[in-house]
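To begin, one chain is listed below as structure tokens, in the form predicted alone.
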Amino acid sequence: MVYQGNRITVTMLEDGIANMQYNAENESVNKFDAETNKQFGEAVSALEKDDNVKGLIVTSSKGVFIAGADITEFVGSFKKPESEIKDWVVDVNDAFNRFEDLPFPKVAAINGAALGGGCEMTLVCEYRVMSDKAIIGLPETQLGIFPGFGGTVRSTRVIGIDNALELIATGTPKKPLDALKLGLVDATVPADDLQDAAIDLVKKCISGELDWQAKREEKLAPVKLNQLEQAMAFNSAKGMIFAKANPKQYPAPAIAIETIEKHVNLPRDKAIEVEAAGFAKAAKTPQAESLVGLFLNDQLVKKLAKQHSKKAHEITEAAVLGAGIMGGGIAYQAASKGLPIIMKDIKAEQLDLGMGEASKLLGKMVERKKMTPAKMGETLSRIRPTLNYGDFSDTDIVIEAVVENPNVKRSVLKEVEGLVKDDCILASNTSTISITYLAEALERPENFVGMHFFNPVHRMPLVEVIRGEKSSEEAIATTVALASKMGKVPVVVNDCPGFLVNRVLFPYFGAFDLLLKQGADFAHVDKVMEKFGWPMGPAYLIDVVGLDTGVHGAEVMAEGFPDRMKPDYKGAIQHLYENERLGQKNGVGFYKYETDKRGKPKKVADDATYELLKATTDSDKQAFDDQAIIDRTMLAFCNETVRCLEDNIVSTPSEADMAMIMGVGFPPFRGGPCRYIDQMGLDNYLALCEKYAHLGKAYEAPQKIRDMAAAGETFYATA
């Protein structure tokens, strides 16, 4: 035994070959947390002193090679001054450099995911052999940072500047053959042959058959490209990367490129210092704080879903009532994840529509070569269209997805309850109607919950699972388990009009309506909010949702929360709807819609909209600067999010933030409405509320904000 720790061991195998194995006790994956970094340094020291080692392989005892750094430690680390972050990274790199400099060849045996620090660990070896089941990559920019354990330095020397920039900026992991083509690994082999292949490579190095010293020297020296070739590589990469990610919203790729430009002509040790400084700069951005927080929130929400699922009944077959676009999307989602589902409607043409929706989505998968035609047929066969309830006797859960009308829904739910087994769960895909109210028509309200999918079902990750007053824990658990089985992220919320996401969204639309009433240009508002980070502005969003859907939802919300969601004027959305402008549904809303070359609706300006809006605009029109538009819309949105926490509609800021990001596209780099308030500072946010309180209750600070500001609290821990 060369070294023994509870994260890393180094043992001798044969012929002077050692095995450094990552095996974090009591952990599901290996990662570079503080203890692992400490033991790595100790293991390197032990290897430096052992003259018996002639070569070494790096392995993992887990299904994952090394998942990267411990993200939970970033929260505290990134609060430190930039200089301290740099020193920490340089200190970690010292062990990596010493490992790289050991006087014998090293081969990484990559059995599973080697991501972030895991990939960087493989790069300090002279050779990398990869299982055909593994993936490898540097996804740090998705956390608002970039590789800091030598990843930007070694990758540029191993696979070239252009390939390294693409790998780092996109953060997309590579499968074995793609990694081999890039030169990121030297061989791919079947999983069962991995360790033998790695040992064989080490033996070839020891015998002199492979020039491992030359492979190492390549990483220690500056990049071997002349200045013109370097300029071409960087300019090409910048064009591609900045076209995909706005550097003001996602600065990490830009900082990474700037850092790499500074160090490509330097030897390793000096280049590592430049990388560490760039890493520290990225780590101190608000985007890094938001995206790291987003990652941790995502982990928490998934953990909570597992906890909620503990009392779930087994689900072997589901059913969906209503075979329109939404019903077809739900059926597709279930079938694509291997779950048989019945799709029931009262009209054959609706069944054709639902099956057509599922076929269209699967057909696109085949076109993109992500599915074979045979697999498509197998998936479609899991959907059973029917015009009657004859097949419902063994169904475990029925998802109602009929028209958004409380009387129709109550009637359908009551009917189906009498046809299913006693423990069958009924779930309504309503977007606004109270679950407690719908349950009044049922004999077994304890078996009834809300299950709100977002449109389009196949793209939107969120499912709200709504707890009515009488919903049982078993019903909630089973519905959460179903959502997870369907590949969705469930968030459990309590019942109220609009639940969580739509309750928060309608004050945002209300703020938009008030801006238009007072003279704002809807197209300008859209541009401002898209620049802020939304995937689409409020005018475009309501066009996509449908103005009829928006008006109906607004009526429900006005009845539920009249103090802040019942305006005393007719807004632009209502007026356009009354003039038969429904948005994309009929080709005219705030914008006109034309079909582009790919057959998708394309919005264009429409003078008729401005004419119509004159009737709902004040005569003394105001001009609004960009910040005023942002402040007014975001105050209404964020205040309602906080009120949902006050009312216990949602349990935690983490769940609230994730729901807004996954459900309506809140800018991820801002972390969610609660994170947004934290970053603004609660005192500053409170002052903004007071500035706009004269506009109405929606803009007044919730009591929770006042109490937190007085106590010096934040939604997320500051250390």
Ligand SMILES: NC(=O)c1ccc[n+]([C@@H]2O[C@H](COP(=O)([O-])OP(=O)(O)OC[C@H]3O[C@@H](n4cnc5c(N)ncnc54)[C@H](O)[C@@H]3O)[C@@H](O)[C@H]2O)c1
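In this text, all values refer to a predicted model and were calculated from it rather than measured experimentally. Just count from 1 along the sequence shown to find any residue number.
There is another form of the same protein, the form predicted together with the ligand; it is not shown, and what comes next is about it.
Residues within 4.5 angstroms of the ligand in the predicted bound form, judged by any non-hydrogen atom, belong to 430-438 and to none of the other stretches in 430-438, 265-273, 199-207, 179-187. The closest non-hydrogen atom of A221 lies beyond 4.5 Å of the ligand in the predicted bound form. Within 4.5 Å of any heavy atom of the ligand in the predicted bound form lies no heavy atom of L228. Put simply, L167 is far from the ligand in the predicted bound form: not one heavy atom of it is within 4.5 Å. The shortest heavy atom separation between P507 and the ligand in the predicted bound form exceeds 4.5 Å. For the options G148, G583, G450, G327, the residue carrying a heavy atom within 4.5 angstroms of the ligand in the predicted bound form is G327.
Taking L516, V412, A305, M486 one by one, only a single residue has any non-hydrogen atom within 4.5 Å of the ligand in the predicted bound form, and it is V412. In the predicted bound form, the residues of 323-361 lying within 4.5 Å of the ligand by at least one heavy atom are, in order, A323, G324, I325, M326, G327, K344, D345, I346, K347, Q350.
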